[in-house]
Structure formats: structure tokens, C-alpha cells
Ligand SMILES: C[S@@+](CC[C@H](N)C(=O)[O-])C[C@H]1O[C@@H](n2cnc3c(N)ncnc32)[C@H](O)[C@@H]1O
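Have a look below at one chain only, the form predicted on its own, in C-alpha cells format.
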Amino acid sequence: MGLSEPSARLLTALVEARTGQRCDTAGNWRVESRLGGVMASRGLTDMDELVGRIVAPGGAGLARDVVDAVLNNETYFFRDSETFNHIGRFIRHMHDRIEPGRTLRIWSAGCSTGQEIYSLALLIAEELDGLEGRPVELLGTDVSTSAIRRAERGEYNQFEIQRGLPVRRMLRWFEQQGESWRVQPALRAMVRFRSHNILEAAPAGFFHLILCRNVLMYFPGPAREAALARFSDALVPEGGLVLGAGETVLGRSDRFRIAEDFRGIYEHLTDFPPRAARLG
């Protein structure tokens, strides 16, 4: 049985309350297909019965699984490769500006199953020579606990490993285990993961670069503005923010400007120093 209008409204409210994201139930078949695994694991065939169990006592775990299933976790290695070229240049730029010995910190917000943050780790290890011994901290966060668990494992199937990753890099940085490919320990050690909602307080400390790509498009206007304010609070002055190709800060925040020398990157304005942070 399909998803009724009252149940669709409840699911929309649930996802937005938990994540800040709008859940478009106009195409209910998409929601139903994503929830197929959750329903099968509980022996359910009726969408409205699923929603009824969510709101019943003891439904918190089911609600979490449903939200995880509905979220769009689309990602792949070196997504928009030209953007990564500019990101690499910006990382080098920040490396050259901050004091020697200081940790360079990068946050991938909405990292999904980890391909983006591992792409950054690979970029730093290969093309930026590991930033010549400078300490680097790469943090990947996502509201989906199941996505974070997958990212921590760093294990991808044949389809996932081939999306955006040349064979040379695949063989150098991943180990084949049966039909899967797993991130090499040296690359995995560069990254840490945690569950986090970007509408909540940012992880501790300040970052030199934040990536939140193809996430804010799912947020209503006020939630986008709140997220951008969180990023501003977490960035050092003149740090960088990278959004998706169809996303912008224009009309949403006056704390950033387009970086002249780094296409696709917004520079954090020094007129808005986050909590008296200093560069470095």
C-alpha cells in the first residue's frame, strides 16, 4: 500500500526536525523505494503501518533508520574534479600563510559515506606532498549514522570505487578484499569521522577550509542561513567555504565573498572574526 498524504506529511516533518532538510514527498515512489529495506527488515508491507510504528512508543530507533534511508547520500570520489584543483591550490595557499607547526584543519560537513574527505586526504598525500610534514586534521561529519559507519570502514564496492577514481590511484591507495576495496591504513589514519547535524554547534576549534557541497540545496531558506552562520563561526578569518555548484551564499550571508583566485570557493570575511579567532 502506498504512502497516504497524512503519513507523507509526518515523514516530511520528521526528516526536517531531525536534519533540517526538506523531504520532498511529491514523488512518493522515491520515498517508498528508499524505505524498502527498512520495511523488509521489519516484515512490513504497508507504508502507513511503518509510519504508525514510528510514532508509537519505542519507535525512536525506527525513526532514526527511516531518516537515514530517506536522506540522499549521493557522492563519489573527486566529484567535480575541476573544483578539487582549486581546492588543492587553496589548501596550499593556507599552508603557506599559517605559522609553521600549526595544524591545518579541514571539515567536510555532510560527508556521506566518505568519498569526498578521502579524496582530500589523497590529494594532500599525493599532490601536496603531505604538506611537507605539517600536521593536518581532516574531519568528516554527517547526520546519517549509517553513512558515518560506512565512511569509518572506508570500504567500497566496484561501482563506488570506480566513480571518479583513476585505476592508478585505486591500486595505490586501496586494498582489494573480495569484491570490495578498502582504504589503505595510511590514508585512513589522516581522517576522523563523527555524527553531526550542521544546524548544531560546529565541532570544536577553528577550520581553514569547510566543504558542504550539495547539502544546503535541501534546506529551507532560514535553515541555510543558520548553517552558513555556523560555518562562519567555525572558520578562521580568510578561511574558505566550498558549496555545491548550484549553491551560493549570495543573498543568504554577508560574511563571505567570492575568492578572486580560487573559483568555487567563498572566502570568510575578516570583518566577521569568529569568536576572536586568529589565523593559525
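Residue numbers here begin at 1 and follow the sequence given. Just so you know, these numbers come straight off a predicted model, no measurement behind them.
The form predicted together with the named molecule exists for this protein as well; it is not shown, and the discussion that follows is about that form.
- For the chain shown alone, residue 86 is not a contact residue for the named molecule in the predicted bound form, no non-hydrogen atom being within 4.5 angstroms.
- For residue 74, a non-hydrogen atom is located within 4.5 Å of the named molecule in the predicted bound form, even though that partner is not displayed.
- When the named molecule is considered in the predicted bound form, residue 253 lies well away from it, no heavy atom lying within 4.5 Å.
- Taking the partner from the other structure, the named molecule in the predicted bound form has no heavy atom within 4.5 Å of any heavy atom of residue 209.
- Stretch-level contact analysis of 123-131, 108-116, 91-99, 172-180 against the named molecule in the predicted bound form, using heavy atoms and a 4.5 Å limit, identifies 108-116.
- Taken together, the three residues 139, 192 and 232 all stay farther than 4.5 Å from the named molecule in the predicted bound form, as judged by their closest heavy atom.
- For the candidate set 241, 66, 228, 215, a heavy atom within 4.5 Å of the named molecule in the predicted bound form is found for exactly one residue, namely 215.
- The contact residue chosen from 151, 143, 202, 165 relative to the named molecule in the predicted bound form is 143, the criterion being a non-hydrogen atom within 4.5 angstroms.
- In the predicted bound form, 196, 197, 198, 199 are the residues of 178-204 with at least one heavy atom within 4.5 Å of the named molecule, listed from first to last.
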